[in-house]
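Next up: just one chain, as structure tokens, the form predicted alone.
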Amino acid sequence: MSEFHVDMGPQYEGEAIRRENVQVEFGGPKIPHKFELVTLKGLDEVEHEKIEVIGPDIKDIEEGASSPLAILIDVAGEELEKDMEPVFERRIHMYSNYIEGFWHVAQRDDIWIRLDKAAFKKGLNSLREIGEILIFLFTSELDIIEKISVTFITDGEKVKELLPNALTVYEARDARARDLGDEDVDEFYGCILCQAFAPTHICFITPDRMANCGAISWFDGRAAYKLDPEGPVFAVPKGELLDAARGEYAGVNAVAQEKSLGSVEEVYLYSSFGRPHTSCGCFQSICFYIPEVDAFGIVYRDFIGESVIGLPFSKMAGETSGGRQVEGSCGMGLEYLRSPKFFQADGGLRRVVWMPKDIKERYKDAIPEDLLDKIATEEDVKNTDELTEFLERVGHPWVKGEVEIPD
């Protein structure tokens, strides 16, 4: 392994790179096609430590520009299991943030990566070196991996061509947990991978509530804990069910108190009020309260422009993140929309009145048929005044008083 141009280690996690210091960025809200995918293959199918860059490299991209990116990592090992793919995939986030001057946020097809000018001037001018560092970290910390190769694709057309396959893989992973409920298991899983960015945040992963990042289901949490019992994902005994409607468990509360050093005492898994789940910074979307209509909206990372309350995702994310419990503003994985326990203590999907058109289309199978045309999008309304009129006109069940809130 060659000597690297920059330092690396957990001390660089949480490092922020501001726009004015960006040498180049990959993905992010301006780039429609980006993703990362780890695939388990046979030992004879992976050329160990092979690194390939398809398309313009860092040094070939104009300073300050944004580029498409696909990160494809193939792994092999006698003891590896298919369930471990998303676990390794999430480690891309952690290991990328170990690199001095290199910033990674989000996951799957939401990734956003920045390289700062100082690291570039030190000589970090190729994705090939990023690949070398990732391989070094993966194999150093996870000796269960016997072979690994990394491919970076910055050719926009190629990334666009390969993205549908990645989305199919993500969907297949998520579908596994849909027939399992929180009451069917004895333990949940917790993840503190994002504590470098949000020191008091603990993500609780249950069959009915995927991780905020949208990348770790209950099955993935189980695989991560099995793979690395001392790692960032750990088992959480459920303990006594204290509040069925809000989703409050004694075991979750105990772990929240311990892992947040007392900053978080109680957590409601199914409510955005009172003691809502904390939010990190890698959440896939935000469920936000709209006081003008006493209901909720959904906005996600790739939404361009202002939401119905006049704020863009970036501004709302800043107010929601940091490991705090922010009433009425909760980071979440979009798969949570499919859960029968989706904010059930607050009225669930029938209290949702606004979401981006493409999210509404992507999750229309999860939305009750009689509700689908009653949820506004950015094409229907531009502000809360128009939203109020829209809801009255279409007869949204929340406005008509037809939604029951559990006691």
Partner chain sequence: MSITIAVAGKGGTGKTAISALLAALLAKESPPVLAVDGDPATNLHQALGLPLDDETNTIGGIRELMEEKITRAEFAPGTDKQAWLDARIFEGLVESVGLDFLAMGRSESQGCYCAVNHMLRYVLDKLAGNYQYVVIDNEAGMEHISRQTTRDVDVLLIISDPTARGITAAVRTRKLIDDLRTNVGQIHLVVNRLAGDISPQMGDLIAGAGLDLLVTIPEDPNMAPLETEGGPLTELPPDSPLRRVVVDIAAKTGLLAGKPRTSLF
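Residue numbers count along the first chain shown, from 1. From a predicted model like this one, the values you see are computed outputs, not experimental measurements.
What comes next is about the form predicted in complex with its partner chain, which does not appear here.
Of the stretches 132-140, 208-216, 154-162, 263-271, only 208-216 has residues with a heavy atom within 4.5 Å of its partner chain in the predicted bound form.
Interface residue among Ala254, Leu311, Val326, Leu227 relative to its partner chain in the predicted bound form, by the heavy atom within 4.5 Å criterion: Leu227.
The partner is absent here, but in the predicted bound form a heavy atom of Pro232, alone among Gly181, Gly322, Pro232, Gly239, sits within 4.5 Å of its partner chain. No residue of the trio Leu167, Ile298 and Lys357 has any heavy atom within 4.5 Å of its partner chain in the predicted bound form. Although the partner is absent here, Asp302 lies within 4.5 Å of its partner chain in the predicted bound form, judged by heavy atoms. For the chain shown alone, Gly14 is a contact residue for its partner chain in the predicted bound form, at least one non-hydrogen atom being within 4.5 angstroms. Taking the partner from elsewhere, Trp112 is found to have a heavy atom lying within 4.5 Å of its partner chain in the predicted bound form. Contact check for Ser96: no non-hydrogen atom falls within 4.5 Å of its partner chain in the predicted bound form. Taking a 4.5 Å heavy atom cutoff to its partner chain in the predicted bound form, the contacting residues in 91-105 are Trp103, Val105. In the predicted bound form, the Cα positions of His104 and Cys191 lie at least 3 Å farther from each other than in the form displayed. In the predicted bound form, the Cα-Cα separation between Met94 and Leu227 shrinks by 3 Å or more relative to the displayed conformation.
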